[in-house]
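Each of two forms of one protein chain follows alone as structure tokens, named structure 1 and structure 2.
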Structure 1
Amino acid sequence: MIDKTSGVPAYRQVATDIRAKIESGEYAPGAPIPSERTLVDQYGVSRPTIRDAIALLRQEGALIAEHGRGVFVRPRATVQRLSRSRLSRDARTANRGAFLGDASAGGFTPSTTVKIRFEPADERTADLLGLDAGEEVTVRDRVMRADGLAVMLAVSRLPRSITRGTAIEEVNTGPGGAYARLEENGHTLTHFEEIVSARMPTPEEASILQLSSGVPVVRVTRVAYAGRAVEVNDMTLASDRYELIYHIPAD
């Protein structure tokens, strides 16, 4: 199967063929790929060539290696981020908004580690929230876990002027979360905007999310409005554990 006249290095040809088998489902998500010896015989190449091909696919994030067990096709995403009603008032009232709603739909056990701090707004935060640079903001810094595995980092920033003396400055905001507390204090939410992008993780993000080499993160920035912007939430999602599902009406 290796074309020695193509000018394409043999390891890249092997990687292309393995990648095609992953995409077709011949090598299923979570399943081991054949052993090095089997692949050497199958492609008629050397072990170093097979190792280079596997290293390339690991760098791309298509394969993962488990010490002492072998090399596996990366499993499918474990968390589906459902757009429909995730931020609705009804979902918050039922305590099934956002991540809790994803957990309810996906059947996993959610848990969150929260740290609270206060800081002066940088230029970006001030611009998004309509504040003066340096104005104090409340920061809710969270690590979200599904069945104990970190899947998302979320950092919310809100004007301190609207959070002072409320449960938003506590680790546990209570049923319905910070959005329910905002509305209780007269900040009725009108709409949200989200910007979605992707990039490679920082070393700290890769460590917390336990990402393999070559796995990018999805970045979602959400701004919540209650007449004015009241929160900017920067979310960093492990791309190998998340699917983003959007419901878009046709009318």
Structure 2
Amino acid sequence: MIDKTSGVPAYRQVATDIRAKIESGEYAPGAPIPSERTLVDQYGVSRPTIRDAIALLRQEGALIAEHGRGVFVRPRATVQRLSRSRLSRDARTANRGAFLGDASAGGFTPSTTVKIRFEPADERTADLLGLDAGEEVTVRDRVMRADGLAVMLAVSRLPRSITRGTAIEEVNTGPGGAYARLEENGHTLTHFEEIVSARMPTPEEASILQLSSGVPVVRVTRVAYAGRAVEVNDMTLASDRYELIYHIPAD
């Protein structure tokens, strides 16, 4: 099965073979593959070599290992497809915020934990919000959960000068969320800008979001404008549980 003269490392040959068996359906999604020691016999290589192959496939997200149970083909992702296309005023007034709007569309039970703090603006925040570095900002640090499972981390920063005395500085921002409170105080929202990227999670993020290894996070930075920039929201999403949907007019 393994060609030692090909120049291709043995562990890669094993990984390629297992990958092919996953794609062909011989190893079905959710089903276990043979144990490491069985694969050692099958391929005639040592256990570290088999483990290198499995590590590669785990990094690709194709396999999931469970201590004491076995190694499994990653099941198809739960397509939660939380539509994030709507930051419309209608949606805001109907719900309590953007995430709760996603929730009612996605058919899951949402919950959030919020921590409020105040801090001086760092350079990036000051730049995005048009403040001087060091000006005080209100920070809303949130963990969003869907049916109990954390799916998103979000850190909002707003100039304290426009949140003072409003429910935005409270854990519960009230009906319509922080954006509704902004509009009530004369900051009529004009548009949003979202910058999307992806990277591997830090160990802390992986722990909070309970990410299996090989699953990246999507990073979204949303800047809300009401004439001026009024909010920077840095969101970190589990890429295997969240899809972003954008609606773009043609002209």
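Being a predicted model, the structure only gives us computed values, none of them experimental. Basically, rigid core = biggest C-alpha set you can superpose within 1.5 Å across the two forms. Counting starts at 1 with the first residue of structure 1 and goes up one by one along its sequence.
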Between the two chains shown, which is the form predicted in complex with the DNA?
2
Core-aligned, is the CA shift for A62 between structure 1 and structure 2 2 angstroms or more?
yes
Does V217 shift between structure 1 and structure 2 by 2 angstroms or more at the C-alpha, the core having been superposed?
no
Using a superposition on the rigid core, decide whether the Cα position of L237 changes by 2 angstroms or more between structure 1 and structure 2.
no
Rigid core superposed: how many angstrom does the CA of V8 shift between structure 1 and structure 2?
3.8
Where the rigid core has been superposed, how far does the Cα of R51 end up moving between structure 1 and structure 2, given in Å?
5.2
